[in-house]
Structures are given as C-alpha cells and as structure tokens.
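Below sits a lone chain in structure tokens, taken as the form predicted alone.
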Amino acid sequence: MLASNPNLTKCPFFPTRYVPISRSFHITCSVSQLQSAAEVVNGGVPERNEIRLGLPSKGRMAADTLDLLKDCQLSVKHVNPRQYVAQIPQLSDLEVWFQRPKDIVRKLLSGDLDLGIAGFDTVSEYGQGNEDLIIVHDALDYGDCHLSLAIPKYGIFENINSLKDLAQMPQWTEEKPLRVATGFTYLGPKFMKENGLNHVSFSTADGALEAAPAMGIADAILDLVSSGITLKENNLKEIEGGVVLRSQAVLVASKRSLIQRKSALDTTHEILERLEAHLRAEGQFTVTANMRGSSAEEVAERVLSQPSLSGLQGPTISPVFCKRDGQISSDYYAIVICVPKKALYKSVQQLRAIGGSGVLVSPLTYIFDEETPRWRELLSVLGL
C-alpha cells in the first residue's frame, strides 16, 4: 500500500466506492473549451505538446507546494506574479498553471491539465470518483486536515457524542430534517446516507460555517478541521464516527494523459522520484563514527547488537587506514548509518557505548530507491 492515509488503504489511487461524476450539467464556455470537451467525450486528450501541471494559486497550500518543489530541486520560475503560467526549468516540456484547487480537479477531468497538486478532500469532492483521476502520491506531508461533522455542545446536543446517537434522535423527520451547513455538497449527502441519517437537508456555504448553529440557520456543520480550536471557540464539538475523510496534499493525474502521452508519463516519473527521494530523506540523518576492531565482521556484530543502529538496510563498515612506524595499518573502521531524527541522540549514545568515537552527524537530502513502489503501482493501474 502507498502511505499512511487511512482513506486510501483500500485503493491507493482513488476510492472505487464513489459514484462517477454526473454528466448532467450546464456550462457556459468558449469555442476552445467546447473543442476540449469534445475531445474528452471522445476518449482523447486535447492536442498539445507541453505537459501541464496545476498548482494551487493562493494561500498556505500554494506556499507549501512551492516550498516542496523547491526542496526537490524543481523550483517554479514565476517571472510575473500576475500571470497564471510559469515554468520549471528542470522540466523543459512542462508548463505550470496556477489555479484554484477545485479548478485543478475540474481541468484534470476536462483534459486541460495532465497533473495537479491539491488536497485529497478537494480531489474527492470535485472528482466524485471519476476513474480518470489517479492519485499518484497520496502523502506529500502538508495540508493535513480532516473533514468532520460538528454539532453544538449545548441544548438538545449536549449528550450527543456519536454519529449513532445523532442518527437516533427523534427530532429528525421528513418535515423537520437535520440541517447541515457545508461546502461539501457531494461528500456530505453521501456520508449521511451511508451512515443511516436519512432526514437531512443541506445548505451550501464557503466560509464562517462555525457561526451557523449559533445563528439558528443550521443544526450542524460539515467542514474541514485542522487543530479544532475554531470549533471549541464557537461551542461546537466533533463526535465519534463523524469524520468523513482525512486529507493532505496529493499528486493527482489524468489517467488518459498518462496513457496517451509518453512525455506525460515520463514527466510524472521524474516528479514522483524526486518527491519520494526528498520525503523519504526528510527527518533522517547520516551518522558516521570510527570504531576500533579486529575485522569488519567483528565491528558489524557489535553495531547490529543495537537495534537502532541498523540503518536503512544495515550499517556500512569500511577500514580506516593510517600510517604507523612506516607501515599502513587499519586498526579502526568507519561506520555509516542512517538514523531518524527522533532516534538520533539515542543512536549516538549506543555508538559510544560499543566503542564509537569521532561521531559526525549530517542531515540527509535525498534517498533514492532502486525503484519507488509508487511508480510500480502506478504502472500496474495504468496496465503498462
């Protein structure tokens, strides 16, 4: 399985239980947009040479995305901040398009973008389970939040502490349903129906939902929660079983683009490898120490007697040569291991305890595997 997101463990690329996006909608668009839509309906992608990557245009998500790409040596060159198009010099065939996260998802579906970075919540809400969306990397380690139902702490909800309790309240009828304010008009009704809350009405809103119950315009809210402080400040509480999904930034792609354009697949491969190498190295340190010993095997036995000194695949041990009395000798061996930040000091202590000296510590920037598991899984999903 790909990563830690519990909502993705059944399928690393997209939850198949979601229903396909409805084809019944009305749009106002230009001639070029109509041509693009026609190509999508016919099973193709728009004819163009460049690969397009959609990135969030504003806010914390935008800043964190640019920081991550920079850390992966994929700095975005944005000459004019008023323009929506930019470049990544290391990827010559790639165009960066700055868009609202929900528009990134929509344009992936229309074929106007090939790749995008957005929150998993946005992909789920606006992708609605469309099979053309493939989550290439599900854990970019920023934008953490969860979509959750919250109710007042007071009044009729004072002793309601679970979704089951809420569903069993006699107040909710067809004539007087539970009123929920949310901006998630796809995930919200779907979640309620799946959990046995049949008498529910939804009102749409984009901001300041926490005030809705106090104003009397809603009984509950369904919204993204990060720290939960805002809910507490507005006398709201989350309840057991009320989390719809957990979200963070993900790399998502159009399946048709990856299949029909080799250049899109090659670019995705490079971006994925850079992301994986950087994220795997984050919080890891290289620890080097010298240790006296009779042989490399004898030193290895001492090192491996300490569980936290095994490194990624085991310690690297090599002789340290010095000249004594005109002769080359190697009484010491150099040990190199990879250690996570949280275990750094303990590992240094263990190295000292078994005879290590001259301990050097340096942060890791990248860890490249022979082949990233996510790449193998992507090829499998694409049937390649």
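Heads up: residue numbers just count along the shown sequence, starting at 1. Note that the coordinates shown come from a computational prediction; the quantities given were computed from them, not determined experimentally.
There is also a form predicted together with a small molecule; it is not shown, and the following applies to it.
Proximity to the small molecule in the predicted bound form, taken as a non-hydrogen atom within 4.5 angstroms, holds for one residue of A300, L74, C145, I160, which is C145.
Only one of G59, G355, P340, G358 lies close to the small molecule in the predicted bound form, with a heavy atom inside 4.5 Å, and it is G59. This chain is displayed without the small molecule, yet in the predicted bound form the stretch 117 to 125 from 117 to 125, 131 to 139, 280 to 288, 196 to 204 comes within 4.5 Å of it by heavy atoms. Taking the partner from elsewhere, S226 is found to have a heavy atom lying within 4.5 Å of the small molecule in the predicted bound form. Residue contact with the small molecule in the predicted bound form: S247 places a heavy atom within 4.5 Å of it. Taking the partner from elsewhere, R100 is found to have a heavy atom lying within 4.5 Å of the small molecule in the predicted bound form.
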